[in-house]
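In the form predicted on its own, a lone chain appears below as structure tokens.
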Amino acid sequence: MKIYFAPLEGITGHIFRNAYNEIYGHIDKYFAPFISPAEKCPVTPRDRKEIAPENNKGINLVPQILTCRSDGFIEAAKEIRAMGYKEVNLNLGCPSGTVCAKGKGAGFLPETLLLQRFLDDIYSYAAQEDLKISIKTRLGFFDPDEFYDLVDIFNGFPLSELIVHPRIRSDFYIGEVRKEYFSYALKNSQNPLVYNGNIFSCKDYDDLSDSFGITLDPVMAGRGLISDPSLADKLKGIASETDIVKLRRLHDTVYHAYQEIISPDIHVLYKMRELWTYWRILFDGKDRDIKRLLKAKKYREYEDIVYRILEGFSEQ
């Protein structure tokens, strides 16, 4: 079974990826948070550092590009290809208001004629450079029925993979996924499919597989893998419960790495708070401590709370 780690901006950068890969692993592909090419700078120094091979050793990483301009995509892809990458991913799923207002991410989906021309350009380039391009998409912007036309458009191009998150833009990440549309893709897509969305447990995965009448493989997870870092192990039958010792190693590795490159305390703690908004589901009965943790402004205060939580659970 192949499991892909979805990109989460601000969370799954190279520091987290390296720590996760060392401590947990069992991820077949990591997707980097998107690169948004600017006219005079297709790949910024910060983006270049994020995807630099020396910062992602032992990781099968796929850089992701977010744009509605084919020339911008191609210029960014050229730089990424020169770094040794043989696959990039096009983001057609981001629901952010600022992104969609610029016609990018999910905001590109209603513009089917422009999208077709865009894909003509980038896949013509890819064929010349022996570059694979996968696409991560939502069902549509306004209406899930937009997906029928999108599948027809995608079928006209040699996608390395079509990763489908079965929601529309206004759904964001709330509520149930629209499973009937992924069923349509299973019957009608001519490109390899990857399912993405609402996989937080083995039961979620089994229920989805049962509903589609197949064993879903590959699958992509993002929020589920952050919320329970042992989820990939569980899905692959390697572990049966969350390992608090491993979680503490992950926490400490990421925390100390951020301390080396970010200051003052509060900026590191902003990064850690994001992780704890996901991890809190693992710690029933600790809501009061976690609320205090999310308000901590100094390392000492934060550490006193965190290690009390983690040590309490490791002793259970």
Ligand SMILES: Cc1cc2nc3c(=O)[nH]c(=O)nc-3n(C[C@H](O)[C@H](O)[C@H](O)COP(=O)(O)O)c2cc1C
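Each residue number is its position in the shown sequence, starting from 1. It should be emphasised that the depicted structure is a prediction, and the values quoted were computed from it without experimental measurement.
Unshown form predicted in complex with the named molecule; subsequent notes refer to it.
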Heavy atoms within 4.5 Å of the named molecule in the predicted complex: does E9 have any? yes
With the partner left out of view, is F34 within 4.5 angstroms of the named molecule in the predicted complex by any non-hydrogen atom? yes
Even though the named molecule is not shown here, does N198 get within 4.5 Å of it in the predicted complex, heavy atoms only? yes
Counting only non-hydrogen atoms and a 4.5 angstroms cut-off, does K102 reach the named molecule in the predicted complex? no
Heavy atom within 4.5 Å of the named molecule in the predicted complex: which of L162, I244, A77, A221 fits that? Just give me the one. A221
Could you tell me which stretch in 141-149, 190-198, 121-129, 233-241 has residues with non-hydrogen atoms within 4.5 Å of the named molecule in the predicted complex? 190-198
Restricting to 53-90, the residues within 4.5 Å of the named molecule in the predicted complex through any heavy atom are Q64
